[in-house]
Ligand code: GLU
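So this first bit is one chain, no partners, the form predicted alone, shown in structure tokens.
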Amino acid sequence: MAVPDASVRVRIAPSPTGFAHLGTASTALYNVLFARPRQGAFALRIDDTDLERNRPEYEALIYEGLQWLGLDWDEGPDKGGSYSPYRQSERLDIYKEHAAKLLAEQKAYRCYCTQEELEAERRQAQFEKRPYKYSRRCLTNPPTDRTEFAVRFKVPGGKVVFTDMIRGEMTFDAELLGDFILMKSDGYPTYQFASPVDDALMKITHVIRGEEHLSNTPYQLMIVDALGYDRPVAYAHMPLILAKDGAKLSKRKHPESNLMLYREQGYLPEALINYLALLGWNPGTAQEIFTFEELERVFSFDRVQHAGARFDWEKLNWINGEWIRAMDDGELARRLQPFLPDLDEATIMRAVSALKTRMTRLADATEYLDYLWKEPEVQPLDAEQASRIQMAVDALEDVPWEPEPIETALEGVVERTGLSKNKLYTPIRLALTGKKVSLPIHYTIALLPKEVALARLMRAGHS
């Protein structure tokens, strides 16, 4: 869709009601990939009207998670901007003014119904096997003895038509939609009201969000039309991220929905961005590893799928491993430091080339290297294994303490004795690390100080 470059304005509006969600990151990514090549603006708006569940620490996690991924915003609660404030809880007067305008123009009305009365209406509709629509009782015959009310929108009927950049032209029959609440009796707006009012006032041109909001769009467009604002140029409703069981990725059921989990486990932000871009979109080529700059160049909504995208740990691990292997050794060593607080920079740097080919996540380095700061349990060895360890000690005592000379010395033992590498290296590995899997044996040995390595080997050989 051709849009004048400077006019593009997009936004995300997450709720601070729990940990930062992977879906928030995915939505932010698609907004940024659309806006940046068009020199557009990206706003972060905080939907914090859920008084019971909002927490400032959850808002902080949203900022932290998006910044970790490099998905920075141009306007937001922490930065300000031309359309502030950017927290909905600070915009309550704006929503009240707009509700008052709709009431004055008879496009909305006061609803005095209690929850019990509304529930009785729903049950009656269920009993009669018909879709529930509010009866409009408070429009035609409001009770006169009540003071507490909500503001309800008067649905005008007809068709609501809009363009979705993924799904094409969408048409909804407003006759099927009941009059809905704009302002609750506690003075707070509903999502259906606050979101379109904010989008209109903040001059949002393209609303890019998850598929679960597709059914909200006709409600929100009726509000925009009723208030006399310009509609957004277009919408795009991204496919849902699905868990392995095919259900929508949920904060309550699926730990993989927690964005910060990926940082804790050592996924690279570049790799997670790469994976999220491919989760619901494909470039139409065989390429799977993309830098952010490449994604900005090739991303388009016409290659976004309609169906939900199933989260795949195996694919993410593969992409992360590819990014790790492509990374400069010095940069990788720097990124490994938080996962290896017990090791100095020089030791991490010496380990990087061996780690690189084996890690799928940075956290894997801890499992490979913890023998450097933790004394392993002595593993029981038989007489043959003990004699092999003694051969290794004899061969290593006088060699320079670097991987290559150590490897040459051990291969000399293999050649002289006719032992397989596995039979010689397995007891050495157990003696040094307490594990059956390690980095290549010459690195495993060289990373330990010489006296420590030989002491562990001799201790094991005499156990």
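No experiment lies behind these values; they were computed from the predicted model shown. Residues carry their position along the shown sequence, with the first being 1.
FYI, the form predicted together with the named molecule isn't displayed, but the following is about it.
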Where, among 388 to 396, 71 to 79, 205 to 213, 159 to 167, do residues come within 4.5 Å of the named molecule in the predicted complex by heavy atom distance?
205 to 213
Partner-free chain; cross-checking the named molecule in the predicted complex, the single residue of Tyr229, Tyr83, Tyr191, Tyr188 with a heavy atom within 4.5 Å is Tyr191
Mark Asn320 yes when one of its heavy atoms lies within 4.5 Å of a heavy atom of the named molecule in the predicted complex, and no otherwise.
no
Any non-hydrogen atom of Ser195 within 4.5 angstroms of the named molecule in the predicted complex
yes
Please check if Ala13 has a heavy atom lying within 4.5 Å of any heavy atom of the named molecule in the predicted complex.
yes
For Glu407, is any heavy atom within 4.5 Å of the named molecule in the predicted complex, or not?
no
Let me know which residues along 47 to 63 have a heavy atom within 4.5 Å of the named molecule in the predicted complex, or say none if there are none.
Asp47
